[in-house]
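Only one chain is included here, represented as structure tokens and corresponding to the form predicted on its own.
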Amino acid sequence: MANEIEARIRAEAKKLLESSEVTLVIGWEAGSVPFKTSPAFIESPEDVERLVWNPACTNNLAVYLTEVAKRARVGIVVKPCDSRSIVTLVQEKQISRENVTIIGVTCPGIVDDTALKKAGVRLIDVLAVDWNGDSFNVTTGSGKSSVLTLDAVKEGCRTCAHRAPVISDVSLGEMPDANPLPVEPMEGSFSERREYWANEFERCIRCYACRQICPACYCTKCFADRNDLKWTNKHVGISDNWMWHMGRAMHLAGRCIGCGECERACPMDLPMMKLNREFARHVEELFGYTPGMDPEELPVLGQFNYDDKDPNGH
């Protein structure tokens, strides 16, 4: 399946570039080591053979659109979660839908390095990973083995109910089965949860990798970088780290589409998606809203309805 879709991605990209419908196609290409991919920026029809599609295509490529789609019409290959990021960017008028041609690909789930290691796979030996129904085929120098999908995919893929892009100009791939795990509420009392997050935030080194990789963090000047009105200091410390992470999570409420790129980029392995999912759960319960589904719909926190639920019961 993957090889067939890969060939079709290349064919669609070549068609777009040859017709001058776009000046650039963003996709994935082979990384510097086996079983890794990198973002690819294809400007010539002759270079479309660099484009790949496999379970290691993890980057949410929508993060590049706020820059490149302002200057020219571009093509982009997207997974379902990436497509929902594009919807959010269109809703918030950060990009024009007319400037983006979307090649959408259905997705059974993307492999997570940490999960593979827990499943007993030595990453240094991996040459390739392919989808095979409800499992992954893992190829190493000594042969092939199989790992159940739920044991090897990214955390966000386990709870994802959207296996096809919600917006696209070209749709590729058959709809895979989706049996998402439920998003469970955070456990513990208020004080226990506060202590848990204080311990997690204490490990943060404030590198801002989570911000830089997130398509929804497109502000030209982040609240953490402002000097005219200081919300948080630059140095690492509990109170400032707390302000940074909670401030960012609140900014993403009703906007985070759950791709998990922030958590993947974090060098300290902070469980940021646990916090993002909790905010998303509250938004769903209060407003019946799932972010990134309809480009014509106003963002949930960009509108007001008299029948919105009041969390305080008033």
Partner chain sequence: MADKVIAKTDLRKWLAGMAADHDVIAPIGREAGPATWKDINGTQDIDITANQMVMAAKEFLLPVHDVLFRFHTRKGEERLEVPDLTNKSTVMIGLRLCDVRAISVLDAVYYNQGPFRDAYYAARRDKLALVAAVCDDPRWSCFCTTVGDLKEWKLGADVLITDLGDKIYVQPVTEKGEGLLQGDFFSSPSEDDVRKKSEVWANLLALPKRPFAGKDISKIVSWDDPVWEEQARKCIGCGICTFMCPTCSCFDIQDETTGSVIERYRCRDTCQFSDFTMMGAGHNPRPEKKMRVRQRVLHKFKYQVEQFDLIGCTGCGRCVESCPVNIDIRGIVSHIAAEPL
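Positions refer to the first chain, counted from 1. Values in this document were obtained by computation on a predicted structure and should not be read as measured data.
Note that the form predicted together with its partner chain isn't included here; everything after this is about it.
Problem - Partner contact for residue 248 in the predicted bound form: its partner chain, 4.5 angstroms, heavy atom - result: Taking the distances in the predicted bound form, the answer for residue 248 is no, it never comes within 4.5 Å of its partner chain.
Practice task
Evaluate residue 45 for contact with its partner chain in the predicted bound form, applying a 4.5 angstroms cut-off between non-hydrogen atoms, and reply yes or no.
Solution key: No.
Practice task
State yes or no: in the predicted bound form, is some non-hydrogen atom of residue 148 no more than 4.5 angstroms from a non-hydrogen atom of its partner chain?
Solution key: Residue-level check for residue 148: no, no contact with its partner chain.
Practice task
Look up in the predicted bound form whether residue 288 has a non-hydrogen atom within 4.5 angstroms of its partner chain, and give yes or no.
Solution key: So residue 288 does not count as contacting its partner chain.
Problem - One residue of 193, 73, 203, 97 in contact with its partner chain, assessed in the predicted bound form (non-hydrogen atom, 4.5 angstroms) - result: Of the candidates 193, 73, 203, 97, 203 is the one lying within 4.5 Å of its partner chain in the predicted bound form.
Practice task
Note which of 123, 219, 183, 243 lies within 4.5 Å of its partner chain in the predicted bound form, where distance is taken over heavy atoms; exactly one does.
Solution key: By the 4.5 Å heavy-atom cutoff, the listed residue in contact is 123.
Exercise for the section: Kindly indicate whether 90, 279 and 304 are, all three, within 4.5 angstroms of its partner chain in the predicted bound form, using heavy atoms. Expected result: Judged in the predicted bound form, none of 90, 279 and 304 sits within 4.5 Å of its partner chain.
Handout entry: Partner-proximal stretch of 170-178, 98-106, 123-131, 154-162 relative to its partner chain in the predicted bound form, 4.5 angstroms, heavy atom
Key = The contacting stretch is 123-131.
Practice task
Output the sequence-ordered list of residues from 69-87 with at least one heavy atom within 4.5 Å of its partner chain in the predicted bound form.
Solution key: Going through 69-87 in order - heavy atoms within 4.5 Å of its partner chain in the predicted bound form - there are no hits.
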